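The chain below stands alone, shown as structure tokens; this is the form predicted on its own.
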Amino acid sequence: MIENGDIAMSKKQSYYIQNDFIVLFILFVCVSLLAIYNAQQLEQYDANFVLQQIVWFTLGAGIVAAIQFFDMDQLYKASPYIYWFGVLILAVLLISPESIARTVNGAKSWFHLPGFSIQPAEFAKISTILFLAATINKHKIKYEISSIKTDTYLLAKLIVITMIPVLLIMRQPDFGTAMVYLFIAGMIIILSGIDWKIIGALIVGISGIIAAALGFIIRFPELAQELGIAGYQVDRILTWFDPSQQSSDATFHFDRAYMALGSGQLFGKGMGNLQVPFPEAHTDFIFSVIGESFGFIGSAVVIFLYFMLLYKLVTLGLNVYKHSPFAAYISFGFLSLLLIHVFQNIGMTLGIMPVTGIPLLLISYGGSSVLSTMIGFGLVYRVAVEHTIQNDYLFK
């Protein structure tokens, strides 16, 4: 005979079984391991990246489970401390000696510790999302009736919170990662309820600055480098706008990735049949491996998986907004993080975006990117758990 206590315990445990998130995670893991396994046949490196990726995903799953011990109220209270800890690590990175934070490819972005490396900027993305969400929630509680003045004040706070880590990351320098932060903040600002007059003026102003900066770099590339813009960044922008006018060295990454993606045609070449070698196949250009191995059909399936996850995050955020705006903005923030990474990574493979070192989250190989993504995944999983609990209480 089943006791009432056993039934209650079983029901409580069922809150933590979010089937849609679990199935999507398993599918992404399978795609990631298959793609990395195929990329390894190019023999660029000696390491077993599939085994290492399994380790990262296993650690990530443990992190997701650990996050479930904290409720939204605890995360809300801890968000300022988590944010400032992330900022502190970014600052420490810049002043650390070369022995533990050496400069690689002109950027000081990693702590190189015995046996592993850590990229603080990846984890600071999640801490920034948490603090932005908490700031909006706290502001809305304090100012129940919004006005131009209060909305401008909120916008100023969100900009300051975003620009502190962005400026530190630009000092590394890592322009691509900094742009990710700005995109996330922009999406959260748009969804924060700030008056559209303010947002419209902000969009026009930023668009004008970006257009002017790009125009200046294209028109005066040498002067742009003299003013501090790295030569490789100028080359990437020029290649993005007009690849035909650039040298084969400048377009090498794009040409190879595009060739691999297109050579897969409709159904791909299958497992173990890659024929187009190109650099960073297991990380930045993993989508080209998918295209060559599994063709247009396989690539479309991967994009559909991302669509399903993004759709789930949108609906989750909208559903939880009424009883927890903080949880909703966590969902929107993680959605923004995934969206910019997917759009930029696949876009650079297709040639519609400039080449950057932004990985395809949940698929590309990487320790810091996988673990930080799993932290974000754990947070939205917790949001889904609390939403299920809330619905259960409402409809009893």
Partner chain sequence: MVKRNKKKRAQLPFRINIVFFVVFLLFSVLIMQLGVVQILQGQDHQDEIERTIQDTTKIPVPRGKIYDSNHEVIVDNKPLYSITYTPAKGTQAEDRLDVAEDLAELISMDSEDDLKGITERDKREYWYIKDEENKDKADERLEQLDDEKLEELGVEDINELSNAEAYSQTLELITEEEYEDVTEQDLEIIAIKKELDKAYSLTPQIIKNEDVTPEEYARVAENLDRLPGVNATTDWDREYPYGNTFKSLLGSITTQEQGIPKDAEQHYLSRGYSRNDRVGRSGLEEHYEDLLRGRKEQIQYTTTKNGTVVGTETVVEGERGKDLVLTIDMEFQEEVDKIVREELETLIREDPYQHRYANDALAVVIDPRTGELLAVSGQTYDREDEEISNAEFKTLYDAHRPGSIVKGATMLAGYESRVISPGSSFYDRPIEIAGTPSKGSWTQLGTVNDYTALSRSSNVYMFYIALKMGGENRYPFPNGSKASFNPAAFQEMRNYFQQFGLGASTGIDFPFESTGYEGPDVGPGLLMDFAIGQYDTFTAMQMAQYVATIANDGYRIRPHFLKEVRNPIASDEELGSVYRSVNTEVLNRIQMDQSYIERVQEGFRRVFHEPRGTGYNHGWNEKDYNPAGKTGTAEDEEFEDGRKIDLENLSLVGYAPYDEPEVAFAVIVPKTGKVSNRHPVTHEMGKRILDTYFEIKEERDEEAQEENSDQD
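Model, not experiment: these values are computed from the prediction. Residue numbers count along the first chain shown, from 1.
The same protein also exists as the form predicted in complex with the partner chain; that form is not shown, yet it is the one meant from here on.
Undergrad: Looking at Trp196, Trp84, Phe116, Phe216, which is the one with a non-hydrogen atom within 4.5 Å of the partner chain in the predicted complex?
TA: When the partner chain is considered in the predicted complex, the option within 4.5 Å is Trp196.
Undergrad: Counting non-hydrogen atoms within 4.5 angstroms of the partner chain in the predicted complex, say which of Ala78, Ile303, Ala156, Ala212 makes the cut.
TA: Flagged contact: Ile303.
Undergrad: Mind telling me which stretch in 266-274, 68-76, 89-97, 124-132 gets its heavy atoms within 4.5 Å of the partner chain in the predicted complex?
TA: Only one stretch passes the 4.5 Å heavy-atom test: 266-274.
Undergrad: For a quick test of understanding: in the predicted complex, does each of Val104, Phe175 and Ile389 have a heavy atom within 4.5 Å of the partner chain?
TA: No, the candidate spot makes no contact with the partner chain.
Undergrad: Do Thr283 and the partner chain share at least one heavy atom pair within 4.5 Å in the predicted complex?
TA: Contact with the partner chain, no.
Undergrad: Heavy atoms within 4.5 Å of the partner chain in the predicted complex: does Phe220 have any?
TA: No.
Undergrad: Find out whether any non-hydrogen atom of Phe296 is located within 4.5 angstroms of the partner chain in the predicted complex, and reply yes or no.
TA: Result yes; Phe296 sits at the interface with the partner chain in the predicted complex.
Undergrad: Considering non-hydrogen atoms and a 4.5 Å limit, does the partner chain approach Met163 in the predicted complex?
TA: No, no contact at 4.5 Å.
Undergrad: If you apply a 4.5 angstroms heavy atom cut-off, which residues in 145-160 are near the partner chain in the predicted complex?
TA: In sequence order, Ile145, Ser146 come within 4.5 Å of the partner.
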